[in-house]
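This document starts with one chain, in the form predicted on its own, laid out as C-alpha cells.
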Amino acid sequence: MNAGWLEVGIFLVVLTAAAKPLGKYMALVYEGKPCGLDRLLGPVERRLYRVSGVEPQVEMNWRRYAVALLIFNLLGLLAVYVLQRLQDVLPANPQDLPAVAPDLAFNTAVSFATNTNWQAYSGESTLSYLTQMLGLAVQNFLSAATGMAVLVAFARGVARLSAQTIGNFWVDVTRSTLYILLPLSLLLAMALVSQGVVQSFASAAEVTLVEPTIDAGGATVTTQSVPLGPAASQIAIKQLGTNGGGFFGVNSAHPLENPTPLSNFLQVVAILLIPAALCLTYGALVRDERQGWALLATMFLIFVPLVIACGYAEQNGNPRLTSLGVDQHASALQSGGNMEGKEVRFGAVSSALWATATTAASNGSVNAMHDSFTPLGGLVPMWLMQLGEVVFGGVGSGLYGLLIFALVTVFVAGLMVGRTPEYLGKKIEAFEMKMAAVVILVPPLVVLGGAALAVSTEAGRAAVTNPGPHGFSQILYALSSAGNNNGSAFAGLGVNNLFYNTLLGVVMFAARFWIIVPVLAAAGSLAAKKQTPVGPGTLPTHTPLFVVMTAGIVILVGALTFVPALALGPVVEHLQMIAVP
C-alpha cells in the first residue's frame, strides 16, 4: 500500500481521537468553568477586562454583539493597513523593505481581518518582520477568535429559552484567544521548531551553493540569499486558526516552513483540529453531545470521499505522460503519480490530503501548487470551497455555516411531513429561513458575480497565464477562494494588480461579514423562543438519517450552484486530457 494512503488513515484516527478532549475543554472555557488553565490565566483575563473597561457579567443582545464585532474587526483591518503603509519607517525591518502599495495593502488588510489570508505577494520580499508579527500574526489570532465567538453565541441562542442576550463578545473573543489559541499555538510552534522550522530575527543568510550556476546574464553565481525570520510562531496560528497565510511566498511547500514529513503531519492535523473539536463543544453547550457527533459525522461523510477522489486523481498521474512512456507508478524509487508542483518529500497522496483539508477548513495554506493538479484533482479543493466552507470550515465559521444548513434540513423535512420545522425544541420560522437564505446565497453571488466580471473585462483576462478552460479555472478558483474566505490559489493567476486587489478585497469583506450578521440575527431570534415539546412528527437531529439529509442538502446546493461553472473549467480540461492525441 502506498504510504500516502496509510497517512490518510492515521490522520483520520488522530483527528477524531484529539477532537473529543479538546472539544470538552473548550466547552468548559466558554461556560466559565474550571478548565485547568484558569488558575494561571484567570488573573490575566480579569486584568484585561479591568484595563479595557469590559464588564464580563453584562451580556449583549444580538445587535450589540454584532456592532461590537464589526467595530473590533474594522479597527484591526485599519491597523494592518497602516502598518503596511508605514513599514519602511518602522523598526524590525532588517531588509529595508519599502512601504506596501495602497491597493495591495488594502487587499492584505481585508484578507487577514476576514480570516481569509489571501496573499498576492511573497512575504519574505514584501513585508517586514514587524508587519508579519504585529499585523498579520495578531490578526491570525483575532480573526479566528471572532469566528469562534460567533459560533458560541449561536450555540447559546439554540440552548437558551425566552432570552434576550447571547453572551458578551469581548468575553468570548478574549477566552478564545487566551485559553485556546495561545496555548495550542505555543505547543505547536515548539514542535515545529524541533523539526527545523525557522524562528529568528536575523536578516537573510548568505549561503554557498553546493554547485555554482549561471544567471540570466551569463555570470557565475556561487551564493544564495536564504530568507529567515520569526516563521514558526506565525505558522502555528496560521494552521490552528484556519488562517493559512504563509510566512514565505510558497507557503507550506517551503523547506523552512514545513521541512519534514512529521512537521507536515502536525500541520495538517492542526488545520482541522479546532473545527472538528468545536462540533463536540457545540454538543456540550446545547446539553446534547449527540448533536455534536452528528455534525462531525456530516463533515466526515463529505470530506472522506473527496480526499479519496483527489488522492486517486493525483496518484493515477497524467495519461498523456503515460502514453509517452513515462513511469508514474509508485515504487521503491518514487512515490508515483502526478508530481508536477509537488514536494518529493511529501508525494502525491499526502499533497492531495493537504489540499483537501486546507480547502475543507477555510485554511488556504498549501504544500503543493494546486495549479499543477490534474483537472479532477484540482476540482476537489475548488468544489470544497464552493460548498460554502461548511465541511469543517474556518474555526467557528465552518460549524455555524453547517448549522445554518441544518436549519434548512429541518425546514425541508418539516414541509415533507406537514409539521412546523423544529431544531432542538425551537420552531424554525420565516425569519430564521430568511437569514439562512442570506448566509447560503451570499457566497455564490459574490463568487459567480466576481468571476463573471473578471472574465468579461480586459483587466480580469490580462492576468490569466493559461488560455482556455484552465485559465477559466484559475479565475473561478480565485473568486471561490476569496468568496468563501479560504485564501488558497491556483497560483497561475497574476493577481497583484489594482483590478484583482480591489475586486478580491471587496469579495472577501462581503463573504465574511454579510454572513456573520445574519447568523447572529438568527441566534438572537432562536434565543427568544420557547421550548416546543417533541412530537411524533419531530425530526431527530442526531440520527444517521439527519446526517445523510444534511450532507445531501449541502452537496445539492453546491451542485446546483456551481456545476455549470465547473463544467466550463476542470471538467472540460479533464476531457481534453483523456482524449486520444
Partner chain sequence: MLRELRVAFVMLLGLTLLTGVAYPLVVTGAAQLIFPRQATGSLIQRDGKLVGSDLLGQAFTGDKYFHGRPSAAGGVPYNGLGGAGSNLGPTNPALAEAVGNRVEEVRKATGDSAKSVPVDLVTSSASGLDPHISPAAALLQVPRIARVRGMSEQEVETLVGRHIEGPTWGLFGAPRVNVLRLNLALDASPR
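Residue numbers count along the first chain shown, from 1. Remember, it's a predicted structure, so these values are computed and weren't measured experimentally.
The same protein has a further form, the form predicted in complex with the partner chain, not shown here; the description that follows concerns it.
Using a 4.5 angstroms threshold between heavy atoms, residue 547 stays clear of the partner chain in the predicted bound form. Interface membership of residue 52, defined by any non-hydrogen atom within 4.5 Å of the partner chain in the predicted bound form, is confirmed. The shortest heavy atom separation between residue 40 and the partner chain in the predicted bound form exceeds 4.5 Å. Although the partner is absent here, residue 418 sits far enough away that none of its heavy atoms falls within 4.5 Å of the partner chain in the predicted bound form. At a distance of at most 4.5 angstroms from the partner chain in the predicted bound form, none of the three residues 59, 303 and 542 contributes a non-hydrogen atom. Proximity to the partner chain in the predicted bound form, defined as a heavy atom within 4.5 Å, singles out one entry of 425, 444, 336, 414, which is 336. Only one of the listed residues (98, 196, 449, 494) places a non-hydrogen atom within 4.5 angstroms of the partner chain in the predicted bound form, and that residue is 196.
Proximity to the partner chain in the predicted bound form, taken as heavy atoms within 4.5 Å, picks out 139-147 from the listed stretches 139-147, 504-512, 475-483, 279-287. Taking the partner chain as positioned in the predicted bound form, the residues of 309-347 that bring a heavy atom within 4.5 Å of it are, in sequence order, 318, 320, 321, 324, 325, 326, 327, 328, 332, 333, 334, 335, 336, 337, 339, 340, 341, 342, 343, 344, 345, 346, 347.
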